[in-house]
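Read the single chain below, which is given as structure tokens and is the form predicted alone.
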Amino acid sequence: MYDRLKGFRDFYPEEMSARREVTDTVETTAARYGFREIGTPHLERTQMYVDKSGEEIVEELYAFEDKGGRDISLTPELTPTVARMVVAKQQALSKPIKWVSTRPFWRYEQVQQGRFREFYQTNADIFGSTEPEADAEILAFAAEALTDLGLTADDFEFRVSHRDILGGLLRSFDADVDVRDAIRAVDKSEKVEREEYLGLLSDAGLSYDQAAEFADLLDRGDLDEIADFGGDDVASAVENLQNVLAAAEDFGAGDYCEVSLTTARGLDYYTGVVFECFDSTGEVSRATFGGGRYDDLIESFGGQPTPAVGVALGDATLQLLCQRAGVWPEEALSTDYYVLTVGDTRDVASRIARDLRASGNVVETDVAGRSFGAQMSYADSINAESVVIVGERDLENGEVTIKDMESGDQTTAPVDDFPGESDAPTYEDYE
């Protein structure tokens, strides 16, 4: 007997039906916004992640040497891959580039609620636009995907910030600040006590009093005060954030957005507006997903300077949010018809099954030589809405029997006229 690997999950048909419905909903929303689906490899060169995040990232990767002596890794995220793809065909691609993809990723990390070593994400990215409308469209797509799933403004909120506001404020202090470490401290601020947070800021180069003043500025979140305090660079970032929020309002996402300058996103490649989605009730304690702008990544991968903004909706935390709000789809099988055979009726039963499938119905029939009772039990187990009984006696009379599984009622229909012109004939059509 083999055990499943820690941090990996099995999905049986009932759960997969719910997951498929959610994925289809998110992808359909993306398609309405003009995001085009791409396919990407599950293996990349390890050096690509080292160059982006440093040598320490290798400890979090499923990294190994392949039979050709190449150092490769299972992909832990999509952004470096799509950056590589943009660079490869940059001159031939029409701008803006709008791509979407749903696929698995792998990270060797501590397993906890909503975090696994194999996980699935829907990534949507826009390349080639610095305009606030691009950021706003990412916010609008993400909000509409959630409302299409049945969530409302009472269920979730986008906490929106700007990395250049944080960086500019930190540089405005008379101190030798490691901005990267300080922003990582801000990213942890909601998870640690205030004194520990201030200590992390002090470790990054601020004095204790400066750390407290910086933390208080962020907590108050007064953008005019922050613009005055930080100077021209911060004022420019504040204006950009305000423009993004104004565009998001016009795009229908304004009700879901609030300024939260302690939202920093831990990844170093973010350069502008960033955001995270949270459960409004707080029952799901961690961010459901997040995104933001990363204008420097394409150039760092050897391409021409290309602005970019994107979002990644993770499967595990999105499921937690939908379950908390009561909108996670029912985990159950769905079958339109079971065509039941009695005796030597395979040719007619197969014709009926083919005709029903041709109309887009989900249809099963017996492939195991089971008895009448066993077939009925199986039809019930797969939640068949209707059973079409094709028996030798019925066929002698030129009929088939249609049974409604919910009510138990049944009637007969002429075999030559079934399923006829209807795409989905039911018991009621022949009673």
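Note that this is a predicted model, so its numbers are computed, not measured. Numbers for residues come from their place in the sequence shown, where the first is 1.
Below, we turn to the form predicted together with another copy of the chain, even though it does not appear here.
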is_contact(residue 350, another copy of the chain) in the model of the complex, heavy atom dist at most 4.5 Å: yes
Even though another copy of the chain is not shown here, does residue 399 get within 4.5 Å of it in the model of the complex, heavy atoms only? no
Distance check, residue 8 to another copy of the chain in the model of the complex, heavy atom within 4.5 Å: yes
Mark residue 94 yes when one of its heavy atoms lies within 4.5 Å of a heavy atom of another copy of the chain in the model of the complex, and no otherwise. yes
Answer among 218-226, 200-208, 126-134, 315-323 for heavy atoms within 4.5 Å of another copy of the chain in the model of the complex: the stretch 126-134
So another copy of the chain isn't shown here. In the model of the complex, which residue out of 194, 191, 180, 354 has a non-hydrogen atom within 4.5 Å of it? 354
Name the single residue among 26, 61, 389, 405 that comes within 4.5 Å of another copy of the chain in the model of the complex, judging by heavy atoms. 61
Site check 154, 328 and 413: each within 4.5 Å of another copy of the chain in the model of the complex by heavy atom: no
So which residues in 321-336, when you check another copy of the chain in the model of the complex, have a heavy atom no farther than 4.5 Å from it? 333, 334, 335
